[in-house]
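Here you get one chain, nothing else, as structure tokens; it is the form predicted alone.
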């Protein structure tokens, strides 16, 4: 059951409620959901619900209808984020776990680990204890394999995952690995589930070969009931009558689980299909269906693998899959970050330099804007997001050191460039250190009982009205009221209580301010993306940079721009953006903004850089990232 507490409950009343629940034999979880303080109580207490309703400080009691309680979204409506070292599983970043089925040798493990990290994996998987169908098959290197996994973590920075097959292995798991996997064959090994519930490490719980979703969630309940809330569910295919794949991947389980439970969900298409050529299509489909991550088997020599070679991707195939996922993820409101670990290391290094535990990043407007979403997707939980009233104020805050980063939009796929920010990049001596593309989905938001026929005024940013032009042409009698930011518009209508006022913003803003989505996806074109850049006072110290942004001007003479662009062509450098902006105070003279696929800070680029400077009157590197 769920006990919703009074807003003005005293600490003594709360302590009394908890004491009674513990005395009655309940497992207790104290949570904060949608601005309410609640206590979740699970167990076989003898008291009737009416008894708890009458306790001082209790507003109401809600029964949990499902057989599984602790894993139920009824108890915990917000998504659980499982943190493993610097990596967060769940939320808006896609997490990819990759590596061989089994650890075969030190050289094999390190070779594959370096490859999968290069392509964007953030966790490394590898079996040390291998439960095999045949007793004559390779059974794993056991503790020696765990030692190799620990070395992989030390060398590459990847956190490591391996399977536990017996409670007797708990001590060595605690010693060597970061995440413990319970395999499909052990999903209902209840003594093992109780064991991993007590060791405190994050657990990946795979679905059993012939298990229902409810049976799977009840197994997760065993782990949570022992005090371990860090459980990740892994769908790896179920056994059916179909012989053309190893198992049948149940992609429909993803939306079902997202509705039933708050736990993160990842997909293992390698074991599901058992065939290399089928892995990537199913991985792409899993991300499109809403999975939080993937577990992919990769081997540099799969034809020589001691376990599951036919289903293992070659490193280059894995790299192509990661590029595909990078494109797919924004469509469903998520991101795949190739530089996740480098970024975390750089931010941590900045913490040591300036002595602050948390770095701060400024974004435009209230919490719930698309700028806020871009900030949280790019930095995750590592950086504190700071609401800021204007773009200029973001640049000023970064320049003065009040914040460490700024998140600003540069261009939208429907309405073009945000010229103010291009001008501010020229004015302020700051660096672009990263970028993120966010799919922009606009929702018409109002009060719960507001109908379309009741609407008189719509609040949002002017540019949003442009992006939703066709929708508003159908409602020409509505007054369009421009405001500074989208979330601020939702906040305003929530305060006024006027049912005739609505806003256009993200669904996150609706949830934050307790409002209702009246119409979904009202933008004219669904291919609506905004590119945000991350600005900082200094270039971050991280790995190779794939892209650079530049500003330059040329003399007003025939062929001047051509001479500059020819340098890129002659050196095989791909230019992905070219835009001109007027130079203030100099009519009909222009600055050119360029994005190229190259690292202008590298030694190899120096000859090109010198040539560019020779052919330009003004030249500035905005950043390499």
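Residue numbers count along the first chain shown, from 1. Keep in mind the model is a prediction, meaning the values are calculated, not measured.
One more form of this protein, predicted in complex with a small molecule, exists but is not displayed; see below.
Of the residues 219, 181, 312, 388, just one reaches the small molecule in the predicted complex with a heavy atom at 4.5 Å or closer; this is 181. The contact residue chosen from 373, 439, 271, 76 relative to the small molecule in the predicted complex is 271, the criterion being a non-hydrogen atom within 4.5 angstroms. With the small molecule omitted here, the record of contacts in the predicted complex names 122-130 of 378-386, 122-130, 488-496, 511-519, defined by a heavy atom within 4.5 Å. Site residues 185, 236 and 297 are all in contact with the small molecule in the predicted complex, judged by any heavy atom within 4.5 Å.
Contact check for residue 101: a non-hydrogen atom falls within 4.5 Å of the small molecule in the predicted complex. Among residues of the shown chain, residue 163 is one whose heavy atoms approach the small molecule to within 4.5 Å in the predicted complex.
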